[in-house]
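First, one chain by itself in structure tokens, the form predicted alone.
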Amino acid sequence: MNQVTEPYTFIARLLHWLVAALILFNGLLALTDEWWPEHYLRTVIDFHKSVGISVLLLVLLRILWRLTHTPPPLPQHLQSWELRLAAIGHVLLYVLILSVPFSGWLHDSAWKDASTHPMTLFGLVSWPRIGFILHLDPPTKEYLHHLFGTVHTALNYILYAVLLIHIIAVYKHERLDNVSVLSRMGFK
């Protein structure tokens, strides 16, 4: 590499990779839900919800960290259009990473059996449903459950598309520009 860039703080890097791993893992869980035997399905779904809420909490922590810790400067070789795309891409990633678990939480809160099946994070900590949705009339809840499920799925696909673009951009900088942007988020 010709140019090595300054890394993010250890906490920022840890949160980045933890959130990334949990997002990929949770996507895999969602895509394989039909493969699980019926008697495991509720456990898999509850685990999916726990991982999703964990992502939501971790990304909120990551945003707080970023607001209180100045990120390292972007590589000097970037053109102005690349800087704009990087800014847009990062904002979009944060919005999607927040929106996906929140839409899942809305979807779960509108589930017809939500009031009789308490939600717990990893079976350890009680987690509330969104109250105003939980107490709607059954037809409205059924409609919202379907709507929020559709939104949740669509947002996931958009998130994975943006993540793919993010990975392609990293590859471009690493291999074509010969600038180690991956070192900004790597562990030594």
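Just count from 1 along the sequence shown to find any residue number. These numbers come from a predicted model, not from an experiment.
Although not depicted, the form predicted together with protoporphyrin IX containing FE (HEM) is the subject of the following passage.
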Output flag, 49, 52 and 100 jointly within 4.5 Å of protoporphyrin IX containing FE (HEM) in the predicted complex, heavy atom basis:
yes
Heavy atom within 4.5 Å of protoporphyrin IX containing FE (HEM) in the predicted complex: which of 64, 57, 125, 31 fits that? Just give me the one.
31
If you check in the predicted complex, is residue 45 within 4.5 Å of protoporphyrin IX containing FE (HEM), heavy atoms only?
yes
Would residue 141 show up as a contact with protoporphyrin IX containing FE (HEM) in the predicted complex if we use heavy atoms at 4.5 Å?
no
Classify residue 160 as contacting or not contacting protoporphyrin IX containing FE (HEM) in the predicted complex by the rule of any non-hydrogen atom within 4.5 angstroms, answering yes or no.
yes
Classify residue 120 as contacting or not contacting protoporphyrin IX containing FE (HEM) in the predicted complex by the rule of any non-hydrogen atom within 4.5 angstroms, answering yes or no.
no
In sequence order, which positions of 136-160 have a non-hydrogen atom within 4.5 Å of protoporphyrin IX containing FE (HEM) in the predicted complex?
152, 153, 156, 160
